[in-house]
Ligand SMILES: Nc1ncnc2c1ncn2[C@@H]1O[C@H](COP(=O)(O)OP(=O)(O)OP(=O)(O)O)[C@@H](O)[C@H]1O
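Here we start with a single chain on its own, the form predicted on its own, put down as structure tokens.
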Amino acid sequence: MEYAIRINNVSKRYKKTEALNELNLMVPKGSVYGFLGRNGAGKTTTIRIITRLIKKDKGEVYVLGSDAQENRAQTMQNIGAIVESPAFYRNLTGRQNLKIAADLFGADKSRIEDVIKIADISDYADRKVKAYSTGMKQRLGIAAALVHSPKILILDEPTNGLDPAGVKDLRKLIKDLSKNLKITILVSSHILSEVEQIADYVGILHEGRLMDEFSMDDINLGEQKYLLLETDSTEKAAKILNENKDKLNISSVSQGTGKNQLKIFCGRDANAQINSIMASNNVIVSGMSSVKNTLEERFFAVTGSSKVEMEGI
């Protein structure tokens, strides 16, 4: 597998605070990578190191196979980024701000019209930025980040301050950029549901360390957590299942959320056998649902956080 960004053993300390501790991170080329962690986990510090806004204390950063420190100009040409919130000249129009961004990167002026279309800001590109909503500014920021045709786009907490409609629109834009332009996108966020909906790969950062890194396929196609079985007689079904626990490799059977439901903790391969044994014992099965582990559960498991602790992030 080719990697757009590869970080090896990177550490960063601010006085007495260790922001990153031997961080290792690999972002597959062409993917949307969800960089997930609670506020203060070290996400923005990592992004600032990748984009050369701050220096690392130790370790290595590679962008598209090149050492970011030794090839700074090439690294900056390959990366477009919004770190924290996009900044613009408020009394200039969106188009004028894009012209300034194009001049800074030495990009062709024709590219300005391209990114206006890509970010879908044609309707307000000639308005002054001071009249923009948060969502408009976010789209203009993405247009500015793409003006020099980078191969990697980095977005730091891009949904902050957006209303639900703005979040939905931004989510669609990120997916379109990845699918249609084949851009590698690193999205940092503390919102699990947003990462779950857009990411191909996820890295979970906690207290400056990468605790887990995986493909979302591991979640979407992962092992069954339990089988939710709905029958006409939960008492009879539970008795049959407990009598066949060893045969079906069932670890436990408990009452489900509904009065006609049972939660059966077993592997997915036992589902068909359970359905068959119910039928042979004249138990009517009205529903079977395989419940898998979620991204939320995996996050809490590797960080040691609880839902209560996460409510404020």
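When you see a residue number, it is the position in the sequence shown, counting from 1. Here the structure is a predicted model, which is why all the values come from computation and not from measurement.
Just so you know, the form predicted in complex with this ligand exists too; it's not on screen, but the next bit is about it.
Although the partner is absent here, Q261 is not a contact residue: none of its heavy atoms lies within 4.5 angstroms of this ligand in the predicted complex. In the predicted complex, this ligand sits beyond 4.5 Å of every heavy atom of E194. The closest heavy atom approach of A41 to this ligand in the predicted complex falls within 4.5 Å.
Taking non-hydrogen atoms only, S290 never approaches this ligand to within 4.5 angstroms in the predicted complex. Using a 4.5 Å cut-off to this ligand in the predicted complex, each of Y14, T17 and T45 places a heavy atom inside that distance.
Residues placing heavy atoms within 4.5 Å of this ligand in the predicted complex fall in a single listed stretch, namely 32-40, out of 275-283, 253-261, 61-69, 32-40. Contact annotation for 118-149: no residue has a non-hydrogen atom within 4.5 angstroms of this ligand in the predicted complex.
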